[in-house]
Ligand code: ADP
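Form predicted alone, single chain, as C-alpha cells, below.
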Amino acid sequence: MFRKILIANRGEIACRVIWACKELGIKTVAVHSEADADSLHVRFADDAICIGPAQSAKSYLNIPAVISAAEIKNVDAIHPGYGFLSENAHFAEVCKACNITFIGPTPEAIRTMGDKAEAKRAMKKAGLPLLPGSEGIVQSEEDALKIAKEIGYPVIIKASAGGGGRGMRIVRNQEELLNAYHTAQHEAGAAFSDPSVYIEKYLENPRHIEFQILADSHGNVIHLGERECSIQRRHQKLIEESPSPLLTEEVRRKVGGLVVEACQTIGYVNAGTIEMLFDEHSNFYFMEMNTRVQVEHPVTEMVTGVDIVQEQISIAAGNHLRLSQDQVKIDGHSIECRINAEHPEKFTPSPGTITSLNFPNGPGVRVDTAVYPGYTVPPYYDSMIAKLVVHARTRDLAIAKMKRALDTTIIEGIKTTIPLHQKIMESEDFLRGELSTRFMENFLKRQERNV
C-alpha cells in the first residue's frame, strides 16, 4: 500500500479522499490555491502546500505546480478526485514519467474515453448498443445533412471532446441543422480546443442511468449497480439515487453483465462509470464513460457498503479487487441532493460568507462537505458546497428521510438550492419515480404556472 498520497483537488472530494486515506493508514498532502488556504482539506491533511493563486488555471489545473508539490513532499501517488485534472491523459502520463502513481485508469483509457466519438466506437466493438448516428466525427455540412436525414429528426449534435452541455445542440428539422452544426463546432472549439462534433438520434424523454464499475489490473471487473441521474439542470445533475426506480433485477443483471464484459474487452483498470440513456421500454444505449470517481458515488456506497475511494487506492497499489460480483448486494435505497451556493430559482451563483450552519444527522444520513460556520464560499470554483445523502429500506422511506434532512439543514449568509430540492421532493412525478432528463424543464414550467 502507498505511504503518502497527494490529493490534486479541493473541497468535499479532497476531504473524502483524506477520510479514505486515514482509514487505510496513509499520510496525505493537500494542495491548495491562495483562496483555499483556510479550507478544511488543508486543515485535515497531514501536510499541505500552496500551488498558486485563486484562478484554477494557475493552481489546480497547473500540472507543473502539482507535480512539483508531489516531488517536494515525496509522495508515492496522486489522487485527482473529479473535475480539474482527473480526466487529463497528459497529466496521467506526466505522473507516470515522474514515477508517481496516478490513482485512476491508464492515460490511453482516459484519452480513448475522453474522445466521445472514439469511445462510442470502442464500446460498440465491445458489445454495448449505441444510438443511431455518425460513425465518429462529422466532417462536413454535407455529411451532417446526410446523417441526419438517414437517422431521422430530431437529432442531437455533441462535442466529441467534452460534455456538460457545451457544444451540444438539439435539432428538430433540416432548416435548423447547419446553423446548429456550426454553433456547436464553435462552442466545442472554445470550450475544449477541439471543434469536432458528432451526431446521434435524440430521444425525447430518456432516463440518464449510469453503472459504477471497479476493475483491477489482474483482469477482474465488477459493477456496483446503477444510479438514476435524470434530474438535471442545463445538463448538470441535481439529484441522484440508487437503485433506479425503472430497472428490474433482471434488467440490472443484463445491463451490468454487458458493462462488465465491455470493460474487460477494453482492458479498463480502476473506477469508472458507464453512462447510458434508457427509453420508456428499458431499451438502453451507451452515451459516454467517465474515467474517474463520480460526484454521486456516495449513493452507491450507501446501498452496497463498498468504499469506492478506498477501492480506487487499493487497485492503484496493484491489489486484487476485495470482492467478487456475487458478493455485491444492493441493500435498500439511497438519494443524494447536491447543495449548491446558488439562487434556487435563478440558478445564479451566490458566493459569500456562511454566517450560520447546521447539517442534519441521525440514522441513514450522510453529509459530504468542506464548509463550516464563517467559511467564505469563493467565486472561482464550482458552486457545490455539500452533498446531502440518505439511505433507507425503501424509496418511499428514503424520500421521507431526505425531506427531514433538508428541513433541518441551516445554511445562512448565502443562497442555496435547498428550497428547490424541497419542492422536488414534493413533486408527484418524483414521488412516482416518473423521471427523465426533461424532468426539470417540466417541473419549472409547472412552478411558473402555479405562481
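We number the residues from 1 along the sequence you see. All of these numbers come straight from a predicted model, not from anything done at the bench.
The next section is about a form of this same protein that is not shown, the form predicted in complex with the named molecule.
In terms of contact with the named molecule in the predicted complex, the residue from Q232, S350, Q185, T265 that brings a heavy atom within 4.5 Å is Q232. Screening R111, K73, H343, R166 for any heavy atom within 4.5 Å of the named molecule in the predicted complex leaves a single hit, R166. Only one segment in the set 356 to 364, 335 to 343, 153 to 161, 97 to 105 has residues whose heavy atoms sit within 4.5 Å of the named molecule in the predicted complex; it is 153 to 161. For the three residues Y202, L277 and E288, a heavy atom within 4.5 Å of the named molecule turns up in the predicted complex in every case. At a distance threshold of 4.5 angstroms between non-hydrogen atoms, H223 is out of contact with the named molecule in the predicted complex.
Put simply, R227 is far from the named molecule in the predicted complex: not one heavy atom of it is within 4.5 Å. Taking the partner from elsewhere, T437 is found to have a heavy atom lying within 4.5 Å of the named molecule in the predicted complex. In the predicted complex, none of the heavy atoms of P243 sits within 4.5 Å of a heavy atom of the named molecule. For the partner-free chain shown, just L131 of 120 to 144 comes within 4.5 angstroms of the named molecule in the predicted complex, judged by any non-hydrogen atom.
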